[in-house]
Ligand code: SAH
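Here we start with a single chain on its own, the form predicted alone, put down as C-alpha cells.
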C-alpha cells in the first residue's frame, strides 16, 4: 500500500457504511469517522467542516464518502501548500465513483487506483503526467526524495511538450513506466545521493542511502552533519538516519539533531564513543562507501540503494501511559490517539485493550488480568527497552487510580539502565468523574476530591478516615470502585459516614457507563441514595452543601456547585 498513515474514512449517513467498511479493509488501522446521531462508526464527529479541517491539519489522508464539492468547500481555507497536503479523495456512497481531489505529491492517485481496483471502478484521475506516463514522477516511492519540486514541475512540463529523457541511476519503479526514452536524451532522471548541480534538464531524485554516525553529542550537531555532507557533495535529503552510541540514548540534543535533519535516530552498542566506532558497529555491507570523520566528529557511509533505518541499530524505546477517556471515541484526546497510532505494542487490562482498537495488523496486543498492574508495567518496560513503542492503556486518566502510578513504581524499583533509558510519557485522558460531571453540568465546580472505595490496595480503616475528613471539609466527593460482589457492604458503610455529616438533601449524581453504549445518569439526594442503585461501573458524585440543581429545557436537571462558598450555604 502507498499510504503509511491510515486514512480517515468519513461518512455522513448509514447508506455509506458498507462502502466505507470495504475501503477500511485496504488500510490497516484506518477508522470510519461517522456523523454523530446519524450513523455509528469508529470515531464520532458533530460538524463535518471542522472535522475535515482537523484531519487535514493533522496530516491524515481523507476518504470522504460525499459530494466532491462539499469536501472542497470545507477544506478551501487550508489549501495553501501543495507540497504538504495529505491525500484527499471523494468517494460516492455506493462506491460507483472515486475522485482524487488533493495530494498529487503524496500519493492520492495511488490511493484512487487502489480503491478503484477494490470497488471495480475506474478512478477519475485528471493529472496530465499520470495520464500520459502512468505514474507521478514527482512522487517517488518510500526511500527516495525529490530534490526540487519546482524543477520537477518544469521537467514534467518538458516531457509533456515532447522532450525525451534517459534514466541515470537505479530507479526500479520506473522500469515499466511509459516514459519517452532516448539513450542520448538531453533530459535525465538522475537518481543519486549527490547534490543537484542546478542543471535545468535534470530531475534529481535522492535515494535515502546515507548514514551519519557520531560518537558523542555536540553542540550544533545538525549543522555538523550538514557540513560533513557538503564536504563530500552529498545531499541532506539522501540522509537515511543519524546513529549514535547507546550510552547517550537519553541525551536530548541527539533527538533534537535528528528532528532538525528530518531522519530517524538510531543507536548501537559501541565500546568507544567515536564516530568511527559507531559506524563500525553498524556492520554495513562491504560495498558501502565510507567517509572518515570530519573535525566535527561526523562519519558518513553511503550505500548504492536506500537503507532501511529499522535495520540500522535500534531506536530509543518509548513507553506512553495513556488514558482512553470514559470510552467514547470522541472523548479520546488527540495526544492519546497519536500515542496509540504510533505504538508497536498495546498493553493493558483486556477490557481496556479492546476499547483502544481498532488496531493495525502490525500492532501487537498484550492483554492481562486487571490485578496484574506491576507485572504489566515491567513487561512494558522490557519491550520498550528493546526499542519498541509501547502504549500502556487505562480507562479515564492514567494518573487517576490507573496505570501511571504502577509504571512509575516499577521504574523506581528497577536498577536496569535500559529501563531508565526508555522515553516515558504520561498522556492524560478524560477521567470518569469529569465525564460524568460534564453530563449533568458542573458538580465539581468548586473544591472536590476523588476517593476509591476499594480496599484491595489500602486498608478499609484508611478509607473510612478519609471519607469522614472529606465530608467534614464539605468537599464534593467522587467515588471510584464504589461496590462489587466481593465488597457488597462497604458502600453502605461509606454512606453512613457521609450521612453523619452531610444533610439528607445533599445532591448526588450517579453515572453508569458514561461515554459507553447504554450509559445512564440519575440525579437524587443523599437521603434517597441506596447501595442497590450502584454497581462497580457507576461513578458516584456526592455534592457539597453548596451543590444545587435546577430544571433544564429537556425535562432533566442541571446540577452544579458554584465557584463561591459560604459557611452557611
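Since the structure is predicted, the reported quantities are computational estimates derived from the model, not experimental observations. Residue numbers count along the first chain shown, from 1.
Same protein, other form: the form predicted together with ligand SAH, not shown, and the subject of what follows.
Enquirer: Only one of 123, 482, 107, 140 has a non-hydrogen atom within 4.5 angstroms of ligand SAH in the model of the complex; which is it?
Expert: Answer to the contact question: 482.
Enquirer: Of the residues 402, 225, 467, 391, which one places a heavy atom within 4.5 Å of ligand SAH in the model of the complex?
Expert: Only one listed residue qualifies here, and that residue is 402.
Enquirer: When the contact criterion is heavy atoms within 4.5 Å, does residue 522 count as touching ligand SAH in the model of the complex?
Expert: Residue 522 lies outside the contact set for ligand SAH.
Enquirer: Quick one: is residue 511 in contact with ligand SAH in the model of the complex, heavy atoms, 4.5 Å cut-off?
Expert: Answer yes; at least one heavy atom of residue 511 falls within 4.5 Å of ligand SAH in the model of the complex.
Enquirer: Would you please decide whether residue 396 lies within 4.5 angstroms of ligand SAH in the model of the complex, comparing each non-hydrogen atom pair?
Expert: Yes - in the model of the complex, heavy atoms of residue 396 and ligand SAH come within 4.5 Å of each other.
Enquirer: Within 4.5 Å, heavy atoms only: does residue 89 come near ligand SAH in the model of the complex?
Expert: Residue 89 lies outside the contact set for ligand SAH.
Enquirer: Pick from 61-69, 37-45, 500-508, 536-544: which stretch has non-hydrogen atoms within 4.5 Å of ligand SAH in the model of the complex?
Expert: In the other structure, the partner sits against 536-544.
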